[in-house]
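In the form predicted on its own, a lone chain appears below as structure tokens.
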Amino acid sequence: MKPGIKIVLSLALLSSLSFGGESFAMSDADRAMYTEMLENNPADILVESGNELLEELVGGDAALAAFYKVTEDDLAKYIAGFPRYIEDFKQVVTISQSLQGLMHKHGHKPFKLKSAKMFELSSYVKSIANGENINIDINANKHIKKSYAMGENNYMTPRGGRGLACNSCHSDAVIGTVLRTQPLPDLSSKGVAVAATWPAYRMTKSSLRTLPRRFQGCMKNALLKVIPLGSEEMVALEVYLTHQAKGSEIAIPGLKR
């Protein structure tokens, strides 16, 4: 990661945590804690643990590059293109799913997608792309095109007893409104580059979390049926939101309230 990347991004986010110029969505205590964590993200040590896991399980970055069939020099750029269609899997996969395949290939029982070790491992792998711009290509083949279309539909379609969609809380009509002490962000291509700063340390959970797990939290809070991790629908949602952040610089781990 280039020096200062995390701090600049986090300060930008911190400056946005007010609505109507009236009051901060964070309490003073939370803001003080957030500011302190800008330079000392608790997740840094967890990401380093992911580095150690990769080395221990498969042999580190070189083995990862070989698995992806790219050179080590091209590894960061390749990682910046996830989720992507991988022929060996015959489907569009996330970084975490690809790592399950890598572990299986090396004779290890794959970590579950919601496990802390998988969060650490996948966070380290994405951090390899720190400083790269998200370069997902939704026109690369018919598989990723289909996934993007499904993700957009999942994002826009109301469901559940309250008739809510992801877009219900992130449309132009409500962006900036404070909900549960947090301003609702613009997740479109004009707004927050959400996929560029996840996995992230969540202060309210005191743990490292991935973007799909954040999606699940939103669904649970909205009383929607939670889409399973690793499902075609969840991968598609990540494809859609990652495309919205295309061109944004990756900075892992992020820091979220």
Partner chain sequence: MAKRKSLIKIKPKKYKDGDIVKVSFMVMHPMETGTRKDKKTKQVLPAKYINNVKFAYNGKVITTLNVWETLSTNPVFTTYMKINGKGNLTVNYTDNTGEANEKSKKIKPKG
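Numbering follows the first chain given and starts at 1. The shown structure was predicted, so the numbers you read here are calculated from the model rather than taken from an experiment.
This protein has a second form, the form predicted in complex with its partner chain, left out of what is shown; the following refers to that one.
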{"query": "Whether 194, 198 and 248 all lie within 4.5 angstroms of its partner chain in the model of the complex by heavy atom", "finding": "no"}
{"query": "4.5 Å heavy atom contact, residue 58 and its partner chain in the model of the complex", "finding": "no"}
{"query": "Contact label in the model of the complex: residue 41 to its partner chain, heavy atom within 4.5 Å", "finding": "yes"}
{"query": "4.5 Å heavy atom contact, residue 62 to its partner chain in the model of the complex", "finding": "no"}
{"query": "Residue 231 within 4.5 Å of its partner chain in the model of the complex, heavy atoms", "finding": "no"}
{"query": "Contact set, 205 to 219 vs its partner chain in the model of the complex - heavy atom within 4.5 angstroms", "finding": "206"}
